[in-house]
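Before any questions on how it binds or moves, here is one chain, the form predicted alone, in C-alpha cells.
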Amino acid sequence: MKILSNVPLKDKTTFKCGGTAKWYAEPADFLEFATLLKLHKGKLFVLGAGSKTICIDKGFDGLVISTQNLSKICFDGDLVVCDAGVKFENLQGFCIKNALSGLEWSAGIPASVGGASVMNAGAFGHDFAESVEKVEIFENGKTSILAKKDISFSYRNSSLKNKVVFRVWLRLKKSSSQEVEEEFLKFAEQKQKNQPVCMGSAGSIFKRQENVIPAKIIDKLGLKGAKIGGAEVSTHHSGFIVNTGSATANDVLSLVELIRQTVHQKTGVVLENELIVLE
C-alpha cells in the first residue's frame, strides 16, 4: 500500500476546493485499513465520499485514509452488509437489482455508507438510521459490533462520531425491482429540480432545528445569491453554498460565517453547521 504525500483534497471532496493532506492512503482491504489505524499516532481523518468535508487552504497536517476501495456489498442472511466505502449510487443499483426498498430517498446523495452512518444522512423526511441494524467499528485497537440499540442516532448526528466505521448491516424491505427503480427516479427528479446538483457543494450547510428551516431564514434575510470570492449562496436553493468554479475553502468558510452571524444578529437563531472542516 502506498502512502502519498501532499495530496490535494479538492479532488476528493464534493466542494472541489481546499488544501492538501500531508499524508494520504487508500487501503485495499480491512487488514491494511486496521494496520494504518494501529500504527499511525498523529492526526488522522477517515474520508468517505467527501460530501460533507472541506479542508482549509493551508492543508491538513496529518494522515487522511480514504475508504474508497472498501466497496463490497453482499447479503448476510436477510440483511444487506456494506463496507464503509460503498457509495450510495452503487447501493442504489444493488437495491434495484435485488428488489429492496427503503433507501429510495437517498437518490443522488453523494455519500458513502460509513459517512452516512456517522452523520445519519437523510433527505425528504427520512434518514439512514431507519435502515441500520448494526455497525462494525474499530476503536482502541480492535473491532467490535454495535447493535442499533447501542447507537444513538439523531438529526444529522450519531454516537458513531470519533469512531471508525468498518461495515454496516441494513434491514431493507422486499419489493419489486420496477417499483424500487421508479421510486429512486422520482426522488432523483425532485432533487434535480430543487437543488443545485451540477455545482460543487456539500449539500445543506446548516442543520434544521425545531421550527427552524435555515433556507427559509436565509431567503427572508435576502442572502440568496450572496457571494464571497468563488463561493455563493445558491440561487437555486439557499440552504446550499456552491463553488462557482474558483472558490477557495476560505471563501466557503467565510460565507458560512457571514450567514451565521447575520442570522444570529437579525433573528437570534444560532445555525449549526453540518460541514466537517479539516484543519
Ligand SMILES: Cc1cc2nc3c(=O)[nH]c(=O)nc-3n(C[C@H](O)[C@H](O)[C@H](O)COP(=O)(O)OP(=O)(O)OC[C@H]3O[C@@H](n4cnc5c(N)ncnc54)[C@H](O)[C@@H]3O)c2cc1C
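Each residue number is its position in the shown sequence, starting from 1. It should be emphasised that the depicted structure is a prediction, and the values quoted were computed from it without experimental measurement.
The same protein also exists as the form predicted in complex with this ligand; that form is not shown, yet it is the one meant from here on.
Not one of Q92, G102 and R171 places a heavy atom within 4.5 Å of this ligand in the predicted complex.
Heavy atoms of I276 reach within 4.5 Å of this ligand in the predicted complex, making it an interface residue. Among residues of the shown chain, I96 is not one whose heavy atoms approach this ligand to within 4.5 Å in the predicted complex. At the 4.5 Å threshold, heavy atoms of H237 stay clear of this ligand in the predicted complex, well away from it. Within this chain, A202 lines the site of this ligand in the predicted complex, having a heavy atom no more than 4.5 Å away. Residues of just one listed stretch (49-57, 245-253, 207-215, 221-229) have heavy atoms within 4.5 Å of this ligand in the predicted complex: 49-57. Residues are counted as partner-facing when one of their heavy atoms sits within 4.5 Å of this ligand in the predicted complex; in 113-143 these are G114, G115, A116, V118, M119, A121, G122, A123, in sequence order.
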